[in-house]
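Taking the form predicted on its own, here's one chain by itself in C-alpha cells.
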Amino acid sequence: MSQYDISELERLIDGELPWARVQEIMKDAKDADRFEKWVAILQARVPWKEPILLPLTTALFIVRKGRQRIVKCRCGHEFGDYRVNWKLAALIHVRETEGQLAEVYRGTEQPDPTWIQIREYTCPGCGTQLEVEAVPRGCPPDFELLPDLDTFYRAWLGRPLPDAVACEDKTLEAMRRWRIEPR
C-alpha cells in the first residue's frame, strides 16, 4: 500500500500536481490514514479550532462544537445542525426571469423560465458562493448529503464518535419552527 506525505496531498488538494501523478494516486490503493491526513490538512487551513468530522465541500465542513455536530463554513460562519439542510441558513439569490437567466445562459441554452429557477447559495459570513442548483419552480432545496457519521467513524475508521446521534433528516422539523406572521 502506498504512503503519501502531507506535502504531496496538499499539492493534490490545491490542484498543483501534474495530471499524470494525480492519475497514479487515484488508481493506487489508498493509504490507511488518508482520511486523517486529509482532515489534518484542511483543519490547519481554517481559522477556528472545532474539529472537522467530515468535509462536505471545499468550503463547508461538519464539525464537532461541544456536543453538537454542525455545518460550518471555512470562514467560521455556522449553519447549524448537520442534519438540517444548510441551504436554509444561506443567502439565496434566485434567477427566475428570462433576463436573469440570460446572465448565465446564452441563446437556445437558456431554460424556460416558467419551469426552471437557478438558486445560488452564498455564505452570509464571507460571501463565498457555496452551491448553485437549477431546479423546477417550487422544488425544495436539494439536500445533497446527509452522512451517517457514526457508522462511518465506527465501521470504516474503527473509532466511534462519542455521543452517537440518529442519522435522520431534521430539515422539516426545523422548518416547522418557523413562524410567519400575517400582515
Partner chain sequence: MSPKQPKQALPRRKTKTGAKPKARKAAQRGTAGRAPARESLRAQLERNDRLLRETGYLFGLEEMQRKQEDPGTYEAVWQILLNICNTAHAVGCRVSSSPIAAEGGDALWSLHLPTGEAVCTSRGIVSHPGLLSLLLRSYIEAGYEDDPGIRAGDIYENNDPHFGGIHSADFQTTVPIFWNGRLIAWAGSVTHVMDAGFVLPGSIGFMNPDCFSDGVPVVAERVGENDHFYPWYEKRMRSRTRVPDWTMGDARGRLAGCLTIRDRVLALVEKYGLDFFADVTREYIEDSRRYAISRVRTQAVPGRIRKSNFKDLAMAGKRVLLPVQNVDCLFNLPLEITIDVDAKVGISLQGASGWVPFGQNITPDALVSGMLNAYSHIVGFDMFNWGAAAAWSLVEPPAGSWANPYPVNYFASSGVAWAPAVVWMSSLYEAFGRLYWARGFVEEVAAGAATTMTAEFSGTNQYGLYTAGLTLEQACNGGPARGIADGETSAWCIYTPNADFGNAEVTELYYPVLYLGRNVEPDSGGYGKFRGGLGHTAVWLVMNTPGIEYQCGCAGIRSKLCGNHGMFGAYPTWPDRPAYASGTNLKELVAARQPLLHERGDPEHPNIARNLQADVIEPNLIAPFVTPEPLHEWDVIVHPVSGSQALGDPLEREPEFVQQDLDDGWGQERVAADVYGVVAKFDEGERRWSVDVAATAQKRAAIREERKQRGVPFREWWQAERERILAKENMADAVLAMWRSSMELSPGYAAELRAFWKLPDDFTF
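Note that this is a predicted model, so its numbers are computed, not measured. Positions refer to the first chain, counted from 1. Note that the rigid core is defined as the largest set of C-alphas that superpose within 1.5 Å between two forms.
There is also a form predicted in complex with its partner chain; it is not shown, and the following applies to it.
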Inset, instruction - Report whether the minimum heavy atom distance between F35 and its partner chain in the predicted complex is within 4.5 Å. - result: yes
Inset, instruction - Would you please decide whether W48 lies within 4.5 angstroms of its partner chain in the predicted complex, comparing each non-hydrogen atom pair? - result: no
Legend entry - Contact of H77 with its partner chain in the predicted complex (heavy atom, 4.5 Å): no
Inset, instruction - Answer yes if any heavy atom of D163 is within 4.5 Å of a heavy atom of its partner chain in the predicted complex; otherwise answer no. - result: no
Legend entry - Contacts with its partner chain in the predicted complex, stretch 46 to 67 (heavy atom within 4.5 Å): L54, P55, L56, T57, T58
Legend entry - Core-aligned C-alpha movement of A89 between the shown form and the other one, 2 Å or more: no
Legend entry - Displaced residue check between the shown form and the other one: C75, CA, 2 Å or over, core reference: no
